[in-house]
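Next up: just one chain, as structure tokens, the form predicted on its own.
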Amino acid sequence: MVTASAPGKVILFGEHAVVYGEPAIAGAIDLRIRVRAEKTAKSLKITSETKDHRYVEKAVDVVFEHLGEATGLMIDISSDLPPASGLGSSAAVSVATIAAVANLLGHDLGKNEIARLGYKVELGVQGAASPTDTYTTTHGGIQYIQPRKKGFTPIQASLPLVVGYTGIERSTKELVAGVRKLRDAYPELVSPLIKNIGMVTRQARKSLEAGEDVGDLMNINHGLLEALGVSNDALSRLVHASREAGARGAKLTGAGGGGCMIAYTPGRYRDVINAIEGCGSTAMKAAISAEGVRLE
């Protein structure tokens, strides 16, 4: 039996603008998905808290194809991450499954290889995907993403974060399409917003590397995302409650339209958690995880 785990992720800066070639910054968080794999005579049996097993099934197929080996499997999944929340649960379960099954078959895959196979899984299930989530959950830490160069650069920094979950599921595909429609209708107004998000992200990289406060930059980023129409009442309520409770900065994370927001909470995480829970939402302390996928 082998158990592997992988962290969830948040987008710290740059969501939506990254679709248009601007940089983004993603961070792995210490909320993890754990996959336990055991050989069995049966083909594949999966037990988990969710009924959506597509990513696990595809990950098993990808590993078998990559290694040229196969076996019956019993797989059990437990998660700290709410599903469909924008915290990278599909990437984390894909990557953890790949690591666990490969190790069970006697193979120790490198992290770049695991990330590549994880991206293949997400692409196979979704039809379109970005390598950001699978790379971040595999390698951990904070990653500066440059889509035009197809590159990832680690940023050595740590951030005390609280995640607030609205409980609202949303479609990333629909939200991305909505921003594109808005840009096509008003290019002279919307294109500068996208470029400004890119400028905020570049400054955030400099500030993180210098150990400086990024709260104001988070707030600016959220305002620009609101102008793109991807926030909603639930997210804005949690963002403003967090700031009023002492967060240095707060913003939505990911596609928006529901899902989660993040608050930068040096010294005030308990106050911010109480404020988010006071709005009737779920709050989770979520520090940056320097460690990506690992065998437990």
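Because the structure is predicted, anything quoted here is derived from the model rather than measured. For every residue, the number given is its place in the sequence shown, counted from 1.
What comes next is about the form predicted in complex with another copy of the chain, which is not displayed.
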- Task: For the three residues Val62, Asp80 and Ser89, verify that every one has a non-hydrogen atom within 4.5 Å of another copy of the chain in the predicted bound form; reply yes or no.
- Result: no
- Work out which of the listed stretches, 135 to 143, 95 to 103, 193 to 201, 112 to 120, brings a heavy atom within 4.5 angstroms of another copy of the chain in the predicted bound form. 193 to 201
- Task: Could you work out which of Glu209, Glu169, Asp213, Asp108 is the residue within 4.5 angstroms of another copy of the chain in the predicted bound form, going by heavy atoms?
- Result: Asp213
- Message: Please identify the residue among Lys58, Arg268, Arg34, Arg243 with any heavy atom within 4.5 Å of another copy of the chain in the predicted bound form.
- Response: Arg243
- Message: Residue-level contact is defined here as any heavy atom of the residue lying within 4.5 Å of another copy of the chain in the predicted bound form; does Ser130 satisfy this criterion?
- Response: no
- Query: Any chance Thr71 has a heavy atom within 4.5 Å of another copy of the chain in the predicted bound form?
  - Reply: no
- With the cut-off set at 4.5 Å between non-hydrogen atoms, does Gly124 touch another copy of the chain in the predicted bound form? no
- Query: Is there a non-hydrogen atom of Ser231 within 4.5 angstroms of a non-hydrogen atom of another copy of the chain in the predicted bound form?
  - Reply: yes
- Applying a 4.5 angstroms cut-off on non-hydrogen atoms, the residues of 161 to 195 near another copy of the chain in the predicted bound form are Leu182, Tyr186, Glu188, Leu189, Val190, Pro192, Leu193
